[in-house]
Structure formats: C-alpha cells, structure tokens
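Next comes just one chain, in structure tokens: the form predicted alone.
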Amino acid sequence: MGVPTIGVSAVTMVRYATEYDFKYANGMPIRYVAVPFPVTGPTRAMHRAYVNGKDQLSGKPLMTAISDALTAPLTDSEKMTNTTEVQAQAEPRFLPPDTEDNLRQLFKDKEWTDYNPIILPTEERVKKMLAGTSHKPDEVVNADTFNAGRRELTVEKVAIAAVMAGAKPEYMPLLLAIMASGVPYGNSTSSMANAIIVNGPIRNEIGMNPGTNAMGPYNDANSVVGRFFSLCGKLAADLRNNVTAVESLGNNLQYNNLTVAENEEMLPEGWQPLHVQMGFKPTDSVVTIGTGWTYISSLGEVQPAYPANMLIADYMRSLSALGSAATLFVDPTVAGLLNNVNGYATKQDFSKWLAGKVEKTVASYWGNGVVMTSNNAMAIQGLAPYADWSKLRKESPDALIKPFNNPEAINIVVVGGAIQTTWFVTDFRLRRGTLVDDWR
C-alpha cells in the first residue's frame, strides 16, 4: 500500500516469521525488530525497559532499529514482486535401500517420529494397511495450512503413519476419519494438546478399551490410535522443534492425544453417548476431535456432604472458559451419582446446571492471555457479555461472573471402569464429530 511498515515481534517468533512463514505463506520481505518475551504480562516498567533497550536481532537501540528499518532504502531482495505461493519440497516416495538401523536414524534425523521406536513403512506393509479401506491411495483426506503452505494428506500417507504407529488394517477407517477432521494438531506457543473421543461400533470392532485404565497404556488400539495422530502431525504438518513447533513447555498429552472410547454400555438411563448428542445415530461410528490446554484430575472418594456436582463446579473455576468450552471425563460411578442421587436426568441437564453455577472473578477471566487475545476484540466492539465484563474488570476486578454461558459447549464423556468415583475436568473444545463409516 506504499506505507513504510515494520513488524515488531517477540524474538521467539521472528525466526518463524522471517523464514518459514515468509517462504511458504506471505511471501513478503517484511522487516522486523524484536523485543524480549513475554510481551503480555510484564509491568509497564519492564515494557519501558524493552523500548529503551536493544533490538534483539541487530543489537542496536530499539528505537534506532525501528527508525533504520522504516527509512533505509529497499534492498534488491526486498524489491521482489513474485509472491506466488511456494510449495514445500516433497520427499521422494521411496527411500534408497539401507539397513533398518540407518533408516530408523534417518526418520529421527528428519523429525518424522516421536523418537520412540517405529515400524518402518515398507511398500508391502503400506499396501496391507491400504486394504483396510476402499478409498484410493491418492485420494486427498485433508490439506494442512496451519503452519503455512498447503500440505496435502493422502490416504497413502495416512497408511504410512499407521504402519509407523503399529496400527492394524482394520483401524484405517477410524484413522482416516480422524485425519479428515483432525487439523490443526494442537500446536501453538502455549501448551496445546488434543483429545480423540470414539463412539459407536468401531470401538468394539478394533478392540478399544472404554473401561478400567481407559486412559492408561493398557490397550493396543487406544495407544496406537493416539500415537498415530501425533506422527501425522509431524509428517503432514511439518511440526519440527523450534521451526514450526514453538511451545515453550509442550504438552505430555501430545504423545497419546487423550484418546478414549466412551463407555456407552455403562451410561445411566437417559444419558446419550456423545455422538448421539451431536445428531448421529447410535449405530454410527463417530470420532470427535477436541483441542485445549488444561487437564485437572480429581482425587476421588466423593462424599455425601459435598457431592460430585459441587466438586466438579469447583474444579471448573480453574479453566479458562474460552468459548464456554469444557469437556468432562467422568467414571461411570460418578455418572451414576449425578443421575440417580443428584437428579440430572441427562448430560444436558448437568451442563446447564454447571453453566449457571460456575463462577470466577472477572480479573481471573481476563487474566488468561488466550482469553484476552480471543475475546477482547468483541469487548471493544461492544458485544455482550464481553463488553460488560471488560468494564467490570476495571471497576470491580473481584466481581464474580459466570463465563460458561453456553451449556452446549460443556460436554460430558463417560469413561472408566467403575472402580472409583473419579473424573477429569478439561477445557477441551470439541469439533463436530466425523463419521467413520464414510472411510470404510
């Protein structure tokens, strides 16, 4: 537009902006100066120190670097006019023959693995895996644009990751359905992760475990399906440490992606499976992907003096409430108490009660940086309730609000072995389920 412009960014993101994002996405030679991280959260005095300090890239005083970047003539490379989208260079379909040890090391060096042992995806193994679906190998299942550029994921590429993870051919319809709905892969500067929830006959067809130790490493299908998703994230989305994956802490859930099968057989009377709540038939096989950050485990042993519903509401105060989202994973014993003792005839009844019960201070709500980034724009536009909550934050920061204002975004999944009254409270936000049967 003819206006001299520079980008001011936290130093942790400049490399991505000037290299990967420039090459595969915007194609514009934007000039940057960099300040330390964090940008949000420090005191005003720290921000003044950033301004009075040095540019983290050039070492010049920050304001000098800004002035130079705005006034220095364009270099030849900055005068480029070709901004055609660049495709990532494809790896060859086959690798040259080598020893198993060397090939395994190559996969690690390329960052194609989670650094646990893999099964090498030979042509014969991939062909056997493809027998698990009627879809053609070159059919595009999804295209990842999360990190920049367009990276198409074909049925054959899904089969390759399936072999690497140790899947069986009968898993393929589920794996394809996951990847049809499963981008982005839970990657940000914050510690994002995913949840994979499976409903319907496919649970039993591939032998998933919805009962005792359902969230632990005690079942082949649960373990392999969760690991497969992580491998696909690295293979298809090009997730590489400090290149496109830049989470400061990361998230241990990314190893298995909180993969569970709902224990539909132990649902209380009147409680529907998750996929039926979404409008699917009970006989449909459906997989639902969620993305979130927070995962809080209960201690167990619910007491009549302070029942499970009250404790669950207490736990939920710690969640961000972004988009009013929460997904609760409750043992069948807890579901039974909520239904028979506390009187919640349906999951929806409990969700509505939680929406009206859970409160947190308005300062705590806006104190979450992801909430501020996502919702402050709506507050500035005057949209309710965010505008009211923003005003209240300045006038009375300790005032209580009810941020879970959409009960439809509060989901309950029943899973576990009915051994202990335990549950997990999470802020995972669920997408629409994907029909597994479409990928048979």
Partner chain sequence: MNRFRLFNPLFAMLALVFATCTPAVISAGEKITVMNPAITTKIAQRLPMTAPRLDTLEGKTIYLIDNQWGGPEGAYQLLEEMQNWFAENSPGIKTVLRRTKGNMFTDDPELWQEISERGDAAIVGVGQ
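Positions refer to the first chain, counted from 1. Keep in mind the model is a prediction, meaning the values are calculated, not measured. What we label the rigid core is the largest C-alpha set whose atoms superpose within 1.5 Å from one form to the other.
Another form, the form predicted together with its partner chain, is not on view; read the next lines as being about it.
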Non-hydrogen atoms within 4.5 angstroms of its partner chain in the predicted bound form: do 170, 276 and 419 all have one?
no
Although its partner chain is absent from this view, report whether residue 353 comes within 4.5 Å of it in the predicted bound form, heavy atoms only.
no
Whether residue 18 contacts its partner chain in the predicted bound form should be assessed with a 4.5 Å heavy atom distance threshold; does it?
no
Under a 4.5 Å heavy atom criterion, is residue 271 part of the interface with its partner chain in the predicted bound form?
no
Within a 4.5 Å heavy atom cut-off, is residue 69 in contact with its partner chain in the predicted bound form?
yes
Report the residue, out of 391, 54, 47, 402, that has at least one non-hydrogen atom within 4.5 angstroms of its partner chain in the predicted bound form.
47
Just to be sure I understand the contacts: of 348, 122, 361, 297, which is the one whose heavy atoms reach within 4.5 angstroms of its partner chain in the predicted bound form?
122
Counting only non-hydrogen atoms, which stretch in 322 to 330, 232 to 240, 285 to 293, 198 to 206 is within 4.5 Å of its partner chain in the predicted bound form?
232 to 240
Since the partner is left out here, which residues of 32 to 66 would have a heavy atom within 4.5 Å of its partner chain in the predicted bound form?
35, 37, 38, 39, 40, 42, 43, 44, 47, 48, 50, 51, 52, 62, 63, 66
Per-residue C-alpha change between the shown form and the other one, residue 61, threshold 2 Å, rigid core fit:
yes
